[in-house]
Structures are given as structure tokens and as C-alpha cells.
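Shown next as C-alpha cells: one chain only, the form predicted alone.
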Amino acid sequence: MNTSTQTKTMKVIAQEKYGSTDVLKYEDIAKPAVKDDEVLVKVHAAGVHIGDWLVMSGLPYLIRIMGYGLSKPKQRVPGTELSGTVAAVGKNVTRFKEGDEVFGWGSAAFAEYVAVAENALVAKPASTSFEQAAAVPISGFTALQAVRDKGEVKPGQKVLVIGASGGVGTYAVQIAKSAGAEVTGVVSTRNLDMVRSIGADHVIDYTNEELTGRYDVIIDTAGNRSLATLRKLLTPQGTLVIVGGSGGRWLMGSSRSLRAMMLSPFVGQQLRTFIASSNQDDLVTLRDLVESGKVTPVIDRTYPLAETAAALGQVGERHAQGKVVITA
């Protein structure tokens, strides 16, 4: 293993318990050891998504039951999206060497260094900044799988993206456009121009307009409209893809997803929900979309590592335009 890095400690964001952003601490811990199949990455940027905020807060309680820790977080250092430079490699690693620029997903990304499985990384596009690359993985996986796999979007279809200005929504708009769809984004007034700029054919300001029309596919990332309302916007054979939810300390909208799954077999429309999976093939697909210019990561704001609490607070308010990114 290459061990060219000198210092034995690093700065991280850590939490010992669930709660508000006050539980986050900026501190020194030992730099991670690299296993045989791992890559040590010097983190230049880490993306922040709503899942990071949910795990920090421990709400809804469903998060804890899903394996993140019942009484306190199992993972002391949060963060899952990252980009950076390879600092060292395990003896079985063949695809990367020291100095390579990479991006991908892992655990404990809110840190100066992180040890990541080799198959959780791909080469960073040369034309893309570290901040842009770090904004891609988890939110990109969710949007890609929602549009391609669950929505099965085809050229010429009409697609409605609710929450089009958010971390997942900005990718969903662009990925649906790259598939040849006619895309309408639903946003608030201040986000109209931004969503037009990333390729939406139409935009609806939900603060001033009613949702109207019929759509072949609806990607709902907002989670605050009823199934009945959404089904009225679908064509008779249309597909609704529910991405996440909102509200409630226990299930956070999961009850709506369960109702959709139970109803779907008995109606002509497809009512689908899912949990995104992280995999290298899809990361390569996302990289290719970014390299080709079909997808451009939208970054609202960057924060230094020491101000991660403020970054998570902004994401938790659900008002970010695109992604919030931490720089290490």
C-alpha cells in the first residue's frame, strides 16, 4: 500500500447522538486505515443531501429502524457523497493510483480523508470541478433510477417533475430531457428561471398556479400532495414515481408510499415507489451524462468543512436550489 500521506490525524464532523445541528462537532480523529480493497481519498468536496439531515436528526424514527442506530448513530462521521484525490491505495486496488481525481460514494465523507471501496469510485470528469462532482452521486442515483428504471421515460412523453429545483429534482429534469421527454417542472417563484435554465420545457409556479394537464410520468420529489391529486394529473396508463416523502415523526410520508403500492395493482396507472441503490454502473452513466453536457450539477452554495452544521441546516429547510456542497 502506498503510504505517502504524512499526518496521522484529520479534521472531521462527528456526532454522538441524534438531534439538531447542535449535535455536530468539528474535531480531530485518526486518519482511516486503508484495507486491501479500499482507496484513501483526500476529500476536496462532499455533497449534502436530505438523507444526511434525516440521519443527523434521527427523524423519522423509521430511519433508526432501517439500521442507522436505534439510540444513537452507528456511523459517527456523516456524509456519503464525495470527490477528491487518491492519497493511497490498498494492495488489491488496480484501477486507481495516487494522484488520480475521483468521485463516488461512501461513509464518513464529512472529513479531510475517507477510505472508500474501489468499486464505489470512478474517475472525475476533467472538465468538472470537485464541487460539481461531489454533488452527483446519491442525488444523481435517485433521479436516474426514478426516471429511467421506475418512470421508464421514453422520447416524446410528457413528464412532470414536482420539486424540480431540489437536489434530486434538478437531476430528474435534465435526465428526463436527455431521454427525449417534454418536461414540466413544478417550483416556487424564485426557482422558475433556474429550472428553465437546466432545460425544462415548461415551469409551473405552485404558489400562483394550479397543477393542470395530463402527464405520462410524474416524478414527485416533494411528497406533500395526495395520491388522488397526483392520479388526476396522470394519463389513464401513466406512471407516478414517489421519491421520498414529508411530514411525520414516525414514517415521514411512507404511509402514502404504502398506499400507492397497495392501490397500483387495481388501477390502470402505475404507482411506484423505491429506495435508490448505489452502484458503479450508474455512477459511470451519470459521469457520462455530465461529460456530454446533458447534465450539469446545480450548486446552491458551498460551505467549509467547519461550517457543515450550517450546510445541513440549509438542506433541512428544503429551500436549496440544487445541491449544497462542503469543501474540505
Ligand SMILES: NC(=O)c1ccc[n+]([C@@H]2O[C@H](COP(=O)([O-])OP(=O)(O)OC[C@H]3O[C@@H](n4cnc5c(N)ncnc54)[C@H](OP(=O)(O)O)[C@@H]3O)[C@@H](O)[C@H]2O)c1
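Being a predicted model, the structure only gives us computed values, none of them experimental. Sequential numbering from 1, following the sequence displayed.
Not on display, but discussed next: the form predicted together with this ligand.
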Worksheet item: Pick from 106, 238, 78, 244: which has a non-hydrogen atom within 4.5 Å of this ligand in the predicted bound form?
Response: 244
Item to complete: Check each of 295, 50, 271, 299 and return the one that places a heavy atom within 4.5 angstroms of this ligand in the predicted bound form.
Response: 50
Worksheet item: So in the predicted bound form, does residue 17 come within 4.5 Å of this ligand, heavy atom to heavy atom?
Response: no
Practice prompt. Flag residue 318 as yes or no: does it have a non-hydrogen atom within 4.5 angstroms of any non-hydrogen atom of this ligand in the predicted bound form?
Written response: yes
Item to complete: Report whether the minimum heavy atom distance between residue 224 and this ligand in the predicted bound form is within 4.5 Å.
Response: yes
Worksheet item: According to a 4.5 angstroms non-hydrogen atom cut-off, is residue 83 in contact with this ligand in the predicted bound form?
Response: no
Item to complete: Can you check 274-282, 61-69, 24-32, 287-295 and let me know which stretch has heavy atoms within 4.5 Å of this ligand in the predicted bound form?
Response: 274-282
Worksheet item: Does anything in 155-184 come within 4.5 Å of this ligand in the predicted bound form by heavy atoms, and if so which residues, in order?
Response: 162, 163, 165, 166, 167, 168, 169
